[in-house]
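What follows is a single chain, given as structure tokens, in the form predicted on its own.
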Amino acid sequence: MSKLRLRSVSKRYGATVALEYGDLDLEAGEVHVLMGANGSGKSTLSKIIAGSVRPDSGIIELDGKAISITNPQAAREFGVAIFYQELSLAAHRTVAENICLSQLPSTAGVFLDRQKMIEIAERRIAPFLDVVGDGFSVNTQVGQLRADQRQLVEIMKTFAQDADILIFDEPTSALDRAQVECFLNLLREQKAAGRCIVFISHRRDEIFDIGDRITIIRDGRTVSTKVLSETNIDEVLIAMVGEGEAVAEQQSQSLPQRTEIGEIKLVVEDITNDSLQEVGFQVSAGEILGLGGLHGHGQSAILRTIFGVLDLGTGQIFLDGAAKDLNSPRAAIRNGIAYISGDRRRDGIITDRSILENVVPVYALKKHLIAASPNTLGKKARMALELLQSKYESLAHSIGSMSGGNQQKVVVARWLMDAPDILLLDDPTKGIDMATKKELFNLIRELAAQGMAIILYSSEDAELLENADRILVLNNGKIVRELKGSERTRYNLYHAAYEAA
């Protein structure tokens, strides 16, 4: 009998289907690999088991009995612990406090038992002592640790819950080889102790090294479960994209590459920093260069480095053949570079301000405006917004009065008041409706046709394949393959990423 069983589990966010038909059977004493393309629904399925997302429908059974996992506390009571891809650590707390965060020991049920907390933390750190590196102790604040050390703390925190069902969503992405091997040895111990483990990884060697069975999710639906020793990476990738689609892709010529490519506008040479390894490429006027591969492997870091948000590290950036020191967004803007993020709240809109105030700041910076007539600025702002068919009451209304899709149009219009030479698009359609996506990509292709050089990262493979002339596939901050012409297929995107992993 299965330890945990999910049948026909679904989750929607408005019109967006995150998971349509999720099935999963977990057995005690196994490592069960969960795989799927970006946005396929595997993380949503994991979060449903962990109680951080409530399903709209479906059945969940634990030891043969139907249960309802309503929140993370309920999941813990059912014996579930999860390692989140987005770390859930408290930066201003110590390593020991974070490891014990979900179950802080107390005396008399009131006061923190600090000595016991230290003992628990030291026990969880012990297997990693040889690989944690310098500056790591039970009393170190997590905010002072390196990325790999923080990831190890999150792993220790997950193990510390002594759960029967352990979920690890890309736990090794920031770890070196010695740290990975240490972690995998602990997983083997947990498996031998009879625990069932859900393992999400984009590293091919790990999947086939540690996994017993694999379940593949495609477009929100569970499509197959296989014994890993009886399959191979090519069969897995074909299941991820669909056999019919994979065959059709290999036989098709894909999107024809545009021939109206102009002079080289941007050259990136051997950039290496905290997120990137020896990244180099060029993009020309009139070209849309795509950044593909598995989510979170350096695509956004490339764009944010060019825009001066991240430190350049080593390497150089050339604009129109001249070396440039783009050490800040202000410097990038004044050199004709624009950056549009799909994270409107963090990088886009200015909350609680008017639509006009949200559209004009970049124009004002580039034109060195100290004072300007609202009527003159308003006319230019309306012209930019009309290009995007934006819907709004008046420029004086708050940005919060607009829908998410129209807010994103305001962010785009901000850069069109004085068109840039180079446009960096960092997952620009995230969280907006299909109609708005179509309008935005129509405009993006039109801007390229007018001679703008564009670099596009999208977490949706279809957007890259339909719009990019070339696609650079990344893995762990490194470009591992260039896809162009008929090579631009979803199968090749994932084959390149997993082969590198």
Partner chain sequence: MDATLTSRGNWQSILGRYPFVPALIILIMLLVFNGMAEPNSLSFRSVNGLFKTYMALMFLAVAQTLVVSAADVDLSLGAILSLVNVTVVTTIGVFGDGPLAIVAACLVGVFVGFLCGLLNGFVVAGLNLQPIVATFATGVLFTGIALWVLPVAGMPVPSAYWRLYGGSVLGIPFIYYILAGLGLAIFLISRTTLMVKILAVGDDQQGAFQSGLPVTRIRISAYAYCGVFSAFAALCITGDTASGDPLVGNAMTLYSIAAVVLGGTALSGGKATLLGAAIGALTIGLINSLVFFVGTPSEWQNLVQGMSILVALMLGIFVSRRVEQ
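Just so it is clear, the model here is predicted, and its values are computed rather than measured. Numbering follows the first chain given and starts at 1.
FYI, the form predicted together with its partner chain isn't displayed, but the following is about it.
- Proximity of Ala192 to its partner chain in the model of the complex: non-hydrogen atoms within 4.5 Å are absent; the residue sits far from the partner.
- Although the partner is absent from this view, Ala322 stays clear of its partner chain in the model of the complex, with no non-hydrogen atom inside 4.5 angstroms.
- Using a 4.5 angstroms threshold between heavy atoms, Gln73 counts as touching its partner chain in the model of the complex.
- Its partner chain in the model of the complex is approached by Leu104, whose closest heavy atom lies within 4.5 angstroms of it.
- Heavy atoms within 4.5 Å of its partner chain in the model of the complex belong, among the stretches 463-471, 58-66, 442-450, 44-52, to residues of 44-52.
- Just one of Ser173, Gln282, Gln141, Gln316 comes within 4.5 Å of its partner chain in the model of the complex, counting any heavy atom, and that one is Gln141.
- Of the residues Glu97, Asp164, Asp426, Asp169, just one reaches its partner chain in the model of the complex with a heavy atom at 4.5 Å or closer; this is Glu97.
- Cα-Cα spacing of Leu187 to Ser275 is enlarged in the model of the complex versus the present form (difference of at least 3 Å).
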